[in-house]
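Only one chain is given next, in structure tokens, and it is the form predicted alone.
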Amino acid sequence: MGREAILNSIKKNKPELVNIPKIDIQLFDEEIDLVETFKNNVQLVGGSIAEINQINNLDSEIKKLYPNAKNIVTHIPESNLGTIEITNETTPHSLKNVDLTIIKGEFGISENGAVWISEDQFPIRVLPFITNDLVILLQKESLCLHMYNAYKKIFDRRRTFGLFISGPSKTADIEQCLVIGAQGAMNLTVILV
């Protein structure tokens, strides 16, 4: 069967379009403690949580959590721990030995412990993936209940690179062998302020 015959067959056998169902999102609203639910779900997916009351305690908290980190990238003004300077001209290959990266999350989702980050918070897209350990600073007030709320928040954004991160990188094969750090950070800590 030639290419044209295959394409014509596909065109003839297209299923009928179905309208997207209307969802009453209020059915999913819950009266829950967003912070506690978020903390529990971050830990459930393999991440760690730390809470600080004052932003000036940030660096001491990070040093406690990652005392052996030497090659540190921080792209937030609240931290002075950075030992590697990055700019928009930094090549991703030059970051291959980064121990720890500290970035800011825009908001978190309580239902699954995910955090939305975008390249507005870090100039090199590979940074959250190439680092050994990742710390995300997140404001408690930025938490939302579920993904529906999250997608409403990002709907009107500039269409730049962004993603939801939930826990450290992990993958499992068909034999159920879990590998941590396969495509990204080995450890993820969300520090709530």
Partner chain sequence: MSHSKKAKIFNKNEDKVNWHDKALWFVREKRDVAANKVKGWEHLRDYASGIKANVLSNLDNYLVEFESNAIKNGIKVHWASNAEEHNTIVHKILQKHNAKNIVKSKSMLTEECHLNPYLEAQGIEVVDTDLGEYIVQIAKEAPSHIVLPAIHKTKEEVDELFQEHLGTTPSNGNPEYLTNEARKHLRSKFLNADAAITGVNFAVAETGGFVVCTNEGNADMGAHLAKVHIACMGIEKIIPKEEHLGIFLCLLARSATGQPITTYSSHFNKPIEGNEMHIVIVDNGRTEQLNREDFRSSLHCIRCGACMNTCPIYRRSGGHSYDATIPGPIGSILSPGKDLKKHSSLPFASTLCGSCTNVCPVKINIHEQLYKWRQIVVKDVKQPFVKKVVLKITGWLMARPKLFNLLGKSGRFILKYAPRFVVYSKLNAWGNARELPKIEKQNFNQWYKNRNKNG
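Values in this document were obtained by computation on a predicted structure and should not be read as measured data. Residue numbers count along the first chain shown, from 1.
Beyond the structure shown, there is the form predicted in complex with the partner chain, which is absent from this document and is the topic of what follows.
Annotated contact segment (heavy atom within 4.5 Å of the partner chain in the predicted complex): 22-30, selected among 22-30, 66-74, 49-57, 136-144.
Within this chain, Val193 is remote from the site of the partner chain in the predicted complex, having no heavy atom within 4.5 Å.
The partner chain in the predicted complex comes within 4.5 Å of a heavy atom belonging to Glu111.
Among heavy atoms of Trp116, some come within 4.5 Å of the partner chain in the predicted complex. At a distance threshold of 4.5 angstroms between non-hydrogen atoms, Ile130 is in contact with the partner chain in the predicted complex. Within 4.5 angstroms of the partner chain in the predicted complex, the stretch 7-27 places a non-hydrogen atom from each of Leu7, Ser9, Ile10, Lys11, Asn13, Lys14, Pro15, Glu16, Leu17, Val18, Asn19, Ile20, Pro21, Lys22, Ile23, Asp24, Gln26, Leu27, taken in sequence order.
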